[in-house]
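The chain below stands alone and is given in structure tokens; this is the form predicted alone.
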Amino acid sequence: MQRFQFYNPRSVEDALNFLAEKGERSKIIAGGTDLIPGLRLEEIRPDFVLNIPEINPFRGIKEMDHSFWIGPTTTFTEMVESNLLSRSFPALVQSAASVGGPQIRNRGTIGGNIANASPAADVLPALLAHGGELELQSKRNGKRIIPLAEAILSPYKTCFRSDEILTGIILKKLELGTRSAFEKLGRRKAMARARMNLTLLLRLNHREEVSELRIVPGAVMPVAKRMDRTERMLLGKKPEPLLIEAASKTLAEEMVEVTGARWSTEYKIPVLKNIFKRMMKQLLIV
């Protein structure tokens, strides 16, 4: 492995001071499940590595009046075991439970998953479906909050500045009656990189019409995004089987519009359509 200086900050202020001076030559390590392999293969060559897991304010899950806050060094295991998240954001918990195996979930963090910005990240699509926002902090500019949808610029690239740390993930509370689900397709059941995943968030009104719908596929596009055209197709209408069938076709078309036709498109189209229809059926009978 290459040589670099490893720095353990004593506090948030200490970490921000370090990045203000050395941020452009540094990488931040939280769980290390993505960074360490990159260092070993010398795909990443920083002069400094800033170790943040021991900074207590960066860890934990808190409920506030209108939202929840998740610390960036909160592990996937801690998310899965959180009653707060299980009660309010089941799809997010399902996505966290699908990450790697127990060793990866015990070490990997939500902040690292976001900052790595992998197209195959399991948690990112679920966070997007829940309207996640990111709290970033630097010594020079203080705090800023941005939508997660604007933070991922391209595969493995975010809009984070070199002197910034991701200090929190914010999820607004969902309206009563909102249902959500997550499903992942991999080559095998455990320790598998996602070939495809899908997050759905659904709410019906008193007339059984769709009043809220968010559809976010993952691992099928360079950057996960909501499928706006498919969502609009169902909004304000009763989700009858024929409409869901038509929406599944539109969903596949939206995916191909982004990715173009590839060798994998032939299998991805029917698989995405079938996963979408199955998940819609599950949410409608909850």
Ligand SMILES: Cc1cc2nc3c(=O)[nH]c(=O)nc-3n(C[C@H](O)[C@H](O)[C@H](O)COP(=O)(O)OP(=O)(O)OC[C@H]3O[C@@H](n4cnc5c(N)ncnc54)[C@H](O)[C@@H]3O)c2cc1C
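All residue numbers refer to positions in the sequence shown, first residue = 1. What you are looking at is a predicted structure, and each value in this text was computed from that prediction instead of being measured.
The form predicted together with this ligand exists for this protein as well; it is not shown, and the discussion that follows is about that form.
Undergrad: When this ligand is placed as it is in the predicted bound form, which of 203-211, 86-94, 141-149, 120-128 ends up with heavy atoms within 4.5 Å of it?
TA: Selected stretch: 120-128.
Undergrad: Tell me, yes or no, whether I55 is in contact with this ligand in the predicted bound form, where a contact means a heavy atom of each within 4.5 Å.
TA: Contact with this ligand, no.
Undergrad: Are any of the heavy atoms in I215 no more than 4.5 Å from a heavy atom of this ligand in the predicted bound form?
TA: Although this ligand is absent here, I215 would stay clear of it in the predicted bound form, with no heavy atoms inside 4.5 Å.
Undergrad: Examine I165 and determine whether its closest non-hydrogen atom to this ligand in the predicted bound form is within 4.5 angstroms.
TA: Yes, I165 is a contact residue.
Undergrad: Would S180 sit within 4.5 Å of this ligand in the predicted bound form, counting heavy atoms only?
TA: It does not: once this ligand is placed as it appears in the predicted bound form, S180 has no heavy atom within 4.5 Å of it.
Undergrad: Which of the residues spanning 95-122 lie within 4.5 Å of this ligand in the predicted bound form, based on heavy atoms?
TA: If the 4.5 Å heavy-atom criterion is applied to this ligand in the predicted bound form, 95-122 yields S98, V99, G100, I104, R107, G108, T109, G111, G112, N113, A115, N116, A120, A121, D122.
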